[in-house]
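A single chain comes next, written as structure tokens; it is the form predicted alone.
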């Protein structure tokens, strides 16, 4: 597996891109930082987008990607996957002909640039040999993370989430090559993190106790840049784990 990190920041600032993870050039997880990070030629290779939740920093570039594709005249369609509530929010609040044209019916329904595909939690689907399964996350809006498996390899991407005791219990027997998980705030803001559906370093490692098998590598995403140095210090308190804070330009291979 090869994952290109297009964006991994919890805030939109110069030099920081919002959440987007591209698997083997075709399958995208979240769509916050596509068009500013990926050439148009590589944007055209995207075929599937899995959305964790409908907060703007995870869906922002869907409209711009669709616009790029339609003006190019290539006639390409992209499938957008998520649970029912997330797709409804995208349709109602983003692709609604008011905030942005509804590319699920442009140029027409049959040949639309974007096609919304509803998936069920804990019911895997197969795409290009990848088994992709959605699991409920703990956030302020309906949200899922994705387990991706192929040829004995696996990674899990959480999107935004708070503590996840119940979800991790459902993954007890999974051996993860990589866990891509958020840590948005420092430990001193633990109460705010819980209230807003996010993690601190302390909350993350409380959750990791529920894993039967320790993830081979843990990649930290969605850090608020204002607190980056503090969060780095707090993550170093747990040397038994292989941890890397994502910058937003890396290639993850395993």
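Residue numbers count along the first chain shown, from 1. The structure displayed is predicted, hence computed values, not measured ones.
Heads up, the form predicted in complex with a small molecule isn't pictured, but that's what we're talking about next.
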Using the partner position in the model of the complex, report whether residue 195 sits within 4.5 Å of the small molecule, counting heavy atoms only.
-> yes
Non-hydrogen atom contact residue 57 with the small molecule in the model of the complex at 4.5 angstroms | yes
May I ask you to check whether residue 224 falls inside a 4.5 Å heavy atom distance of the small molecule in the model of the complex?
-> yes
Which single stretch, out of 195-203, 42-50, 209-217, 65-73, brings residue heavy atoms within 4.5 Å of the small molecule in the model of the complex?
-> 195-203
